[in-house]
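Just one chain is shown here, as structure tokens, and it is the form predicted alone.
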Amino acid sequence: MAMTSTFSKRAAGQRLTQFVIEDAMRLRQRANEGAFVVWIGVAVPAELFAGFDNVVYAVPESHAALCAAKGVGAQQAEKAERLGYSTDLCSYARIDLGTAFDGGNGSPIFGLPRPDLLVSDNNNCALLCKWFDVHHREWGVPHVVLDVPFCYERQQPADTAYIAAQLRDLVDTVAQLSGQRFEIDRVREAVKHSCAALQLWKQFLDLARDRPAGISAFDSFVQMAPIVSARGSERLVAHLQRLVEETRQQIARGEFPVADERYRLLWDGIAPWPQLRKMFGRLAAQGANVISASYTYCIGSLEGEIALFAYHGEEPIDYLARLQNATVCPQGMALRIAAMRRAISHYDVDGVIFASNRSCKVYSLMQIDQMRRIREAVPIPCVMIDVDHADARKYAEEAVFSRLEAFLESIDDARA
């Protein structure tokens, strides 16, 4: 008899918590011992810092997501609002600013060690450049902005060369500021580890292909954390290998996130961190499983694709430059639709939830047109709901679930 195994109860979730705590402790310890600390945007290729003996990195977006998932996002955001920052700003930014200017108080990991360098990018999140500029002005910390061209079609060779040149300039900047020597062979090794980890990540996501799916997208939302905090490490490869093996064992035992799976859904948007547990439970109670998400299937893929873009030993900086448009935000409409159509077919999806995010305009701006075109092209039932990825105050649960329940009915109607 099939059994239900919720994403929050799995041993993998407990191990992940330990992984995140150890990462945070390691980061703070090394910073206290004199390591050169870089704060980066989530799309900045952290593998570059493996080329130095004593450079560590932190990702404020990831820290803000952790705060939101642990239920303290709103209180941290309110600290920034009391300083005059608008509630219209991204909740990640407000959480980070509120935490940083309160000395890390209220954070599950006591905030992040103060940076020696800030590195943002304007392709994945243009607001991040302004956000990091606040820290630049307040703390006098140098700020490098990577200029990555937006993609309306596949990244062109000239664009790849332009991005790679900036990554090499970033390496020179870190070397100059830190006084450390850079070794490209160490980056090459880190990229090999990252590619091995991403191959395992794709295997993990593919455990959703069967009916019932062996995972939920809520699993992948949670389990992507080490891909952000431990890129280029053997620890990440080992963690994901164990995750894949453990999940396969659960499937063999007949344990599934939603055992009576009747609706297989795709999520377009950032994970709704404060709502993960309850949203999963309410959907599962109706036989609905969000099995795939653009937020996670884009990781390690070229724009418009969902398959892994593998590393074959080429110049590692060129490889990292080519992947700079992997995330959804810097992709035009045609590319977003191409990837989504592949995911709908690959994962045998019954319907798509477009999560219009109050904080992330760059992710949400195209969604109305994208939803219309997906309905016409596939065709498939779709719905749009209002969420915020980190500010629980901007979420109306009953209004959202009224739409979701009507959406599930529309899937039934489409089958009739």
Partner chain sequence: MVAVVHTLHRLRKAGHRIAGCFPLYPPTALLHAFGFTPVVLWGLGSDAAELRQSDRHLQPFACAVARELSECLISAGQTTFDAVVSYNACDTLRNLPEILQAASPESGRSLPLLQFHLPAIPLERTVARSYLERNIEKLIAMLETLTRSAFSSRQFFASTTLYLTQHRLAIALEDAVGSGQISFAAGAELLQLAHILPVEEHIARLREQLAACADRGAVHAEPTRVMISGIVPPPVALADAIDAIGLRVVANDIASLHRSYGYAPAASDNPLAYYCDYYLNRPACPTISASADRRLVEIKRLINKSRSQGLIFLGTKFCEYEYFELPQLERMLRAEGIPTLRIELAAATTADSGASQLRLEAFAEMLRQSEHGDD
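Quick caveat, the model's predicted, so the values are computed rather than measured. Positions refer to the first chain, counted from 1.
As for the form predicted in complex with its partner chain, it is not shown, yet the points below apply to it.
#### Entry: in the predicted complex, segment of 330-338, 70-78, 104-112, 294-302 with a heavy atom within 4.5 Å of its partner chain
Only one stretch passes the 4.5 Å heavy-atom test: 330-338.
### Message
So its partner chain isn't shown here. In the predicted complex, which residue out of 255, 318, 189, 169 has a non-hydrogen atom within 4.5 Å of it?
### Response
None of the others qualify; the residue that does is 169.
### Message
Between 201, 131, 267, 218, only one gets a heavy atom within 4.5 angstroms of its partner chain in the predicted complex; which residue is that?
### Response
So the residue touching its partner chain in the predicted complex, by this definition, is 131.
### Task
Answer for residue 53 alone: is it within 4.5 Å of its partner chain in the predicted complex, judged on heavy atom distances?
No, residue 53 stays farther than 4.5 Å from its partner chain in the predicted complex.
### Task
Verify the contact flag for residue 176: yes if a non-hydrogen atom of it lies within 4.5 Å of a non-hydrogen atom of its partner chain in the predicted complex, no if not.
Although its partner chain is absent here, residue 176 would stay clear of it in the predicted complex, with no heavy atoms inside 4.5 Å.
### Heavy atom of residue 358 within 4.5 Å of its partner chain in the predicted complex
Residue-level check for residue 358: yes, a contact with its partner chain.
### Query
Does residue 136 make contact with its partner chain in the predicted complex, using a 4.5 Å heavy atom cut-off?
Yes - in the predicted complex, heavy atoms of residue 136 and its partner chain come within 4.5 Å of each other.
### Query
Any chance 89, 123 and 162 all have a heavy atom within 4.5 Å of its partner chain in the predicted complex?
Yes, all three are in contact.
### Task
Give, in sequence order, every residue of 369-389 that has a heavy atom within 4.5 Å of its partner chain in the predicted complex, or say none if there are no such residues.
The stretch 369-389, when checked against its partner chain in the predicted complex, contributes 369, 372, 373, 384 at the 4.5 Å heavy-atom cut-off.
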